[in-house]
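Just one chain is shown here, as structure tokens, and it is the form predicted alone.
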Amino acid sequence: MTRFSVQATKSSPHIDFDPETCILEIRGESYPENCSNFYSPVFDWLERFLSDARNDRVELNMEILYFNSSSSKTFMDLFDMLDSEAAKGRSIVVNWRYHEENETAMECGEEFMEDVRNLRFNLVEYVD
């Protein structure tokens, strides 16, 4: 399986999914004009990746500075997909990184964390 990578734009995040390390990263701002079209390849790749029979630990690092409501729904769909996979016994960790001064990002992370049951969801504060 090949690495999945998308460069950031002003309205879309940088995405780097590495199948070798099982580390997935989404960083930046997310308010693409058509959220469904933008994230569709992400879900397609992730679905193929998760169908792999290996039982490796998967880590998703997210550092989203700003996102719109369409992206929020998409992120919840992403967490639901990972949560379902974790319910099957796979070790999945989400690290929701937020700047210490970005209360909104922290609160959004808390809300996402409340909606998952099987994966480990960490709120990770960072400073400059």
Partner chain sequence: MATNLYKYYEEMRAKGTILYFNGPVSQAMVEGLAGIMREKMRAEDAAMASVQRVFSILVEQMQNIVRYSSERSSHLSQGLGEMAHGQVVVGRESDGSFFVACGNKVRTEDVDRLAGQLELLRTMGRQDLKEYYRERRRRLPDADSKGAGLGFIEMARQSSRPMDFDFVPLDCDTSFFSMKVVAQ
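Only a predicted model underlies this, so the values are computations on that prediction, with no experimental measurement involved. Numbering follows the first chain given and starts at 1.
In what follows, reference is made to the form predicted together with the partner chain, a form of this protein that is not presented.
For the candidate spot formed by F17, C22 and E59, no residue has a non-hydrogen atom within 4.5 angstroms of the partner chain in the predicted bound form. The partner chain is not drawn, but in the predicted bound form it has a heavy atom within 4.5 Å of Y31. Using a 4.5 Å cutoff between non-hydrogen atoms, D52 does not count as a contact of the partner chain in the predicted bound form. In the predicted bound form, K73 approaches the partner chain with a heavy atom inside 4.5 Å. The partner chain is not shown here, and in the predicted bound form it never comes within 4.5 Å of any heavy atom of N118. Although the partner chain is not shown here, in the predicted bound form the stretch 92-128 places heavy atoms of E101, N102, T104, E111, F112, E114, D115 within 4.5 Å of it, in sequence order.
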